[in-house]
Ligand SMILES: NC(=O)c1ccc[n+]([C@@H]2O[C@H](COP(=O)([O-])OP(=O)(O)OC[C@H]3O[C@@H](n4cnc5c(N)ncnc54)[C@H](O)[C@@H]3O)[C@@H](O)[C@H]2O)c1
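Quick setup: one chain, the form predicted alone, written in structure tokens, and binding and motion questions come after.
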């Protein structure tokens, strides 16, 4: 596995923590040259400091919810490493608690921009660079909530469902450019955000709500990203892959 991604150039958003950080680390460890992008400068410092292959990882503070930020992240990858062959869209988040009746238009727009528009902007900025590099792999991170829904979180559910549909559209539109696009729907993953936002009894319940009998960790998602981004995943395109431990019930 150590040389699985040799010669690949990757851009990972939300690389300052959680799934994005674990993905940046694993891609670099397996041979890729990696740019980790995030708005969290302190998180990026931690990503760089703890990377197991520090010579293959660089960081950029960039906001993926803006076209300027997306273009800056892509330019950082092509400027540092001469091209782009892997894009991993991890940016996202939510704050459950409101039905669509209670949600303001401003809140709706904000959550959709964070989760779905950021994916659109990153793909818009990255695809020309990927095509110029001879093709590559896009991996978009959705959520189990985009598949099974989630109570009192309608904007997040809609945006994460939109990522699944957008991924299929990308696969159709860019196959001739040798660009594959796939989507991962994580189940419950123990990220720093989950630790902050969930009580321990809720985490324990989620750990028992799948067939594996434990909570997921960021590396579980990173490992699937690495497979999809490698030549081993070359025949996988336009797919939704649930990485949930065989979750037995909706969120």
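Computed from a prediction, not measured in an experiment: that's the story for all the values here. Numbering follows the first chain given and starts at 1.
The form predicted in complex with the named molecule is left out here; the points below concern that form.
Although the partner is absent from the chain shown here, none of 31, 136 and 230 has a heavy atom within 4.5 Å of the named molecule in the predicted bound form. Contact check for residue 93: a heavy atom falls within 4.5 Å of the named molecule in the predicted bound form.
Although the partner is absent here, residue 192 sits close enough that one of its heavy atoms falls within 4.5 Å of the named molecule in the predicted bound form. Although the partner is absent here, residue 167 lies well away from the named molecule in the predicted bound form, with no heavy atom inside 4.5 Å.
Interface membership of residue 62, defined by any non-hydrogen atom within 4.5 Å of the named molecule in the predicted bound form, is confirmed.
Site annotation in the predicted bound form: the residue of 203, 39, 67, 48 reaching within 4.5 Å of the named molecule with a heavy atom is 39. Only one segment in the set 173-181, 96-104, 141-149, 77-85 has residues whose heavy atoms sit within 4.5 Å of the named molecule in the predicted bound form; it is 141-149. Shown without its partner, the chain has 186, 187, 188, 189, 191 in segment 177-191 as residues with a non-hydrogen atom within 4.5 angstroms of the named molecule in the predicted bound form.
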